[in-house]
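One chain follows as structure tokens, the form predicted alone.
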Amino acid sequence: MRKIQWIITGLLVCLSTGFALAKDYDAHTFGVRGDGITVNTASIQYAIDYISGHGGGRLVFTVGTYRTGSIYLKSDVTLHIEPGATLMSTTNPFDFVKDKDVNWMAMIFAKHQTNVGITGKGVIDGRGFETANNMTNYIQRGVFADSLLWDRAREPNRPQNIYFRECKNVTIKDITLKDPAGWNQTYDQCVNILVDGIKVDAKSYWNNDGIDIVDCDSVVIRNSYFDAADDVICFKSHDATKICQNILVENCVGRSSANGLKFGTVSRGGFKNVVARNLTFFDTYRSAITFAAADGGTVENIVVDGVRAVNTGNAIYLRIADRWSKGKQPVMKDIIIKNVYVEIPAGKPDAGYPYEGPVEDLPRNISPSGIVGLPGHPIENVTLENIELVYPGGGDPFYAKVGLTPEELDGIPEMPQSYPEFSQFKELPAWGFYIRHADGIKFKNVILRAEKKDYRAAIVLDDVKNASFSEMKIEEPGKEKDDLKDKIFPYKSENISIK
């Protein structure tokens, strides 16, 4: 793991330096109006083109509301949005470009540019609820072609706030991003990205992620706050020939009606050399930490150090699947997760938010954390250290569909092509951890606490090799005197050490 620390140190040095800009230009100089009425798309684009062609600089938006459709940021230009200034969607979907290269709509694009950024204490407002519903109206009237999955426009046909593709030296600092119509901000195959001190309020419509990093190299995300209807900090790999790598995430707080820190679900290439530290999640519907090698990708050399999550549906879910791999072999290995505290409620953790996670089929007992590979594709070399997970317990045997007999354990489906998320199996025979198809699992100083007695085992192992459990505490009412070995159930497993 020394290699990761060296890489992260280099990232901080390189990205903290930023880039020199020639001068500031007031947006009003180019006829841009902040009256909340004028559509400024053409004027803003002219200003960007002019500044890029004249040595670079900052396009400064002072107090006001600047309506716009799609604009394209160019090399050596930073949009600087001052306090009290807002770049706002027109809410007319036809004011937004569906870019032919990325096949998405966005308010602010940048493609193949160098030294670009968005800074300042101002706001980018996608007015997502209105914009998305206007698009749905056009689709229903036959003006725009879309299949209307679940009676809403597909994600690429709803504008994001930001989409940067194949850019180098990107700085996003201090701004507030709110209410996109689809995803919020995507950085796709970019190199050298600094996201620092931003605030995200993205819960006005479906699929409002906090931030999406796709196949990027050398990324720092830090000191930021996210409130999202979908995943908070999400890394994806859309290209089987690319990989997300050399990443630092630190000092961030997030709330989600999906997951907190997520790698996947699209994972064609993969993710490696990542450090995530000092993260806080709350009222989060799915997992605080989840990694998926679902599409033939590799998840490798990951360190998560310091996570506190309260009122969160699941703590940790690591999963190998096989959806769109096209014969490519999935890999997940060399993962360290340490210094984690999670409280899991009995009820729905995001109840009452505008766009909640889906209501699961009930009755269903609370799902355990999971480390779940596939036959022939085990998850390898995972260390969990200094972990405390608090569960509600109270598992009801009248709900349960799975016990500990060979027939029941063998009957748990593999589900290789299903969407990989913690409750996909509905019922599992463990309340703390379910570990299947894994090799080289180490638990050290892990505390599992159930607030009520649960009929299930605390930990179930199925086809696990070379696992060690040391300095463990498993606390459950009514089972205080049970031996630790009675609380960890191995099945078809070998070389299991319980101390």
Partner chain sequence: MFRIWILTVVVYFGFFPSSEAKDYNASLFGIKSDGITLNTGSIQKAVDFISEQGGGRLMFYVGRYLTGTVILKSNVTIHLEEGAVLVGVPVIYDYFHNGDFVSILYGENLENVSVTGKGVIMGNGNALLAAITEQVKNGYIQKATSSVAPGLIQLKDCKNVLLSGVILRSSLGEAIRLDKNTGITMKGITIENAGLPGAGLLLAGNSSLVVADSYFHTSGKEIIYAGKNQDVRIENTKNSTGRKLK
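It should be emphasised that the depicted structure is a prediction, and the values quoted were computed from it without experimental measurement. Positions refer to the first chain, counted from 1.
Just so you know, the form predicted in complex with the partner chain exists too; it's not on screen, but the next bit is about it.
Note to self: in the model of the complex, does every one of 43, 95 and 141 come within 4.5 Å of the partner chain, counting any heavy atom?
What the structure shows: Verified in the model of the complex; spot residues all in contact, yes.
Next item on the list: Considering only heavy atoms, tell me if residue 29 and the partner chain come within 4.5 Å of each other in the model of the complex.
Entry: Answer yes; at least one heavy atom of residue 29 falls within 4.5 Å of the partner chain in the model of the complex.
Next item on the list: Using a 4.5 Å heavy atom cut-off, state whether residue 63 contacts the partner chain in the model of the complex.
Entry: Judged by the heavy-atom cut-off of 4.5 Å, residue 63 is well away from the partner chain in the model of the complex.
Check: Within a 4.5 Å heavy atom cut-off, is residue 455 in contact with the partner chain in the model of the complex?
Finding: Because no heavy atom of residue 455 falls inside 4.5 Å of the partner chain in the model of the complex, the answer is no.
Next item on the list: Would you please decide whether residue 33 lies within 4.5 angstroms of the partner chain in the model of the complex, comparing each non-hydrogen atom pair?
Entry: Judged by the heavy-atom cut-off of 4.5 Å, residue 33 is in contact with the partner chain in the model of the complex.
Next item on the list: Sort through 467-475, 444-452, 430-438, 43-51 and report the only stretch with a non-hydrogen atom within 4.5 Å of the partner chain in the model of the complex.
Entry: That would be stretch 43-51.
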